[in-house]
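What follows is a pair of forms of the same protein chain, given separately as structure tokens and numbered structure 1 and structure 2.
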Structure 1
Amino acid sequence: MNQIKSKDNFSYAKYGYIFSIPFIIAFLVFNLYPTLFTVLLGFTDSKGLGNITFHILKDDPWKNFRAVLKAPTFILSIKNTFVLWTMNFIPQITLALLLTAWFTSRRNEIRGKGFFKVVFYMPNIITSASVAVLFSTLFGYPKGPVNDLLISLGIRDSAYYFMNSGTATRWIVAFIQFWMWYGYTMLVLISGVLGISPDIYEAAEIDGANDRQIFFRITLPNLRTILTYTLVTSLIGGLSMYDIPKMLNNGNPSNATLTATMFIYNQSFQNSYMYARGAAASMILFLIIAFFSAIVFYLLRERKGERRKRK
């Protein structure tokens, strides 16, 4: 850090370090220490609420990891997590890109852009508990707004128990995730478009390019970094999905919406309180997220040929 000095050669650089101390302390206490302690627990026999004594498994340090990988419910939870994330991310990124193209179009001036952006983003600021209660009420059985609407339209003769169907529950969870996050994704993409030089768009318009050509040949290629960020953060958030499926139907029916983080919670804080096994499952989930994030970074990386073209 370059030191900024006054006329008296008094250094102000130290104040930057002083102001960063609260963040460093908070990070060490609430992030780094729990992470390292979780790694340690994965190699121990820690078990039981309030039991602070545990021993490192020197004879078989990978015991907890093998137990987790052999658990059918863990494999099911990983599959469910990927399915739910895919079901919500594909329509989420598609709608976000369409809205981004709509809001950033230079030829179609839209009135009230700020209002629409707020409306689309608003679901993201609603708490997950409130959303879960809302959708539980909407799809209630035997009486609920959705069932009443289906019966009144003649689509069904009787009420349908949505929360007793694994397929229906999955679609509801995926829709909630999509509905809550497409507005956030849209704003991130819009901010990326606003960072593209206007000269590029002006040159394309002078050459006679239409909106579709501009979007696919200028906007999307220049959004690669933003798209990588969006995909990786969505992957991390999607594979860490917990609150909506937990509060909506607790992973039921028949573990149809059981996610990896719910499995970790169940291992650590329900019935047997197997902290060590829950910690091992957490590290396995971390490695899965890191692996797929690395694949995303590799596939969306900028090639040398593309760098030369830009130069």
Structure 2
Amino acid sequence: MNQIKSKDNFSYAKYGYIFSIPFIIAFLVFNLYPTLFTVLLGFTDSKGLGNITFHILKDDPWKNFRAVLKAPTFILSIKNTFVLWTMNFIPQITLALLLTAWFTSRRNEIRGKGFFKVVFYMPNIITSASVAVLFSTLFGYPKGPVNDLLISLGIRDSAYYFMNSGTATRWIVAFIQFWMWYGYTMLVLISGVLGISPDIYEAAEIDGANDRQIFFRITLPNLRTILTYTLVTSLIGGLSMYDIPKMLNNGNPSNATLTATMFIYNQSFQNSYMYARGAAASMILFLIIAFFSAIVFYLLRERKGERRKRK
């Protein structure tokens, strides 16, 4: 009987390959080939709109990579990326954790949780390009809704030129990121808390633990994997940040909100269309991101192992 079954499986195995073909072809054509092509371009002199000829730099293959790593704007863009990410992530994770604690508390039953979840998550689904243009209009100078509000509340006497200040523009970018993502993070964390066995909470309640103790001794340690996962995916998302700083103020003033992806775009698709240099910068960014994805991969494997153990 067993033999017949394994024979059956053997004859069907080919369908595993057949049904994977479209995915594999799409990967080879639209992902692997462009990736290798980008790597190759990094070692060439490719530049100029509409120019498809290029030469491999045989004498000095690392020229583009050196040029990128020496470019002050590239260093600044990497620095900005991390600064903007930190400015958004710390408040984001703090608020998300706080809301998670409130929304999953067994003592303070909050009404309208469903409504709050829908509203908090809403900004995440709206086109970030439109959101950024909307905010640049909201923070308009000399007339704009935010300035009007500040003046009418008596916080300021005159309008403030937000987009002229590096610090202010950075905070606005970080705020938009925060505002678009804290709802998502909260939903992920809540689903994590709901995955923790209720028995532990009941036992803690019987033992007379208060809300604070339950949060720090039970919820937080059990969320460790999900928290790390959130941190790393957010970091990878932050490293490819483009839409918001680009559409808000085009990386200005004085490149205070220029991100790594914007640097790549500006090198390759503006002014002298230096594809080769953009490709080199892409590869450097790729390596940074691959490093962080390796961490995520490791975490997911660990989670898979845990699940198997539980079974």
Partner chain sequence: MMNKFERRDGNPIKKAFIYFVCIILALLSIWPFYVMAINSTRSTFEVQQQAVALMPSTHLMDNFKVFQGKSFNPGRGFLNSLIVAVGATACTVYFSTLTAYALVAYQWKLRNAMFTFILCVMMIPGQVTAIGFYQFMYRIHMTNNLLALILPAVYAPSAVFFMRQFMIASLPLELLDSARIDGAGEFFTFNRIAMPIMKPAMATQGIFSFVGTWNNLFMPSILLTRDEVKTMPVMVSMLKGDIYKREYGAIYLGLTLTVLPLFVVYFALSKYIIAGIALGGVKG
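Residue positions are counted from 1 along structure 1's sequence. Just so it is clear, the structure is predicted and the values come from calculations on it, not from any experiment. Under this definition, the rigid core comprises the largest set of C-alpha atoms superposing within 1.5 Å between the forms.
The form predicted alone is structure 1, not structure 2. Relative to the superposed core, Phe263 undergoes a Cα shift smaller than 2 Å between structure 1 and structure 2. With the core held fixed between structure 1 and structure 2, Asn249 has its Cα displaced by under 2 Å. After superposing the rigid core, the C-alpha of Leu69 moves by less than 2 Å between structure 1 and structure 2. With the core fitted, the CA of Ile18 sits 5.5 Å away from its counterpart between structure 1 and structure 2.
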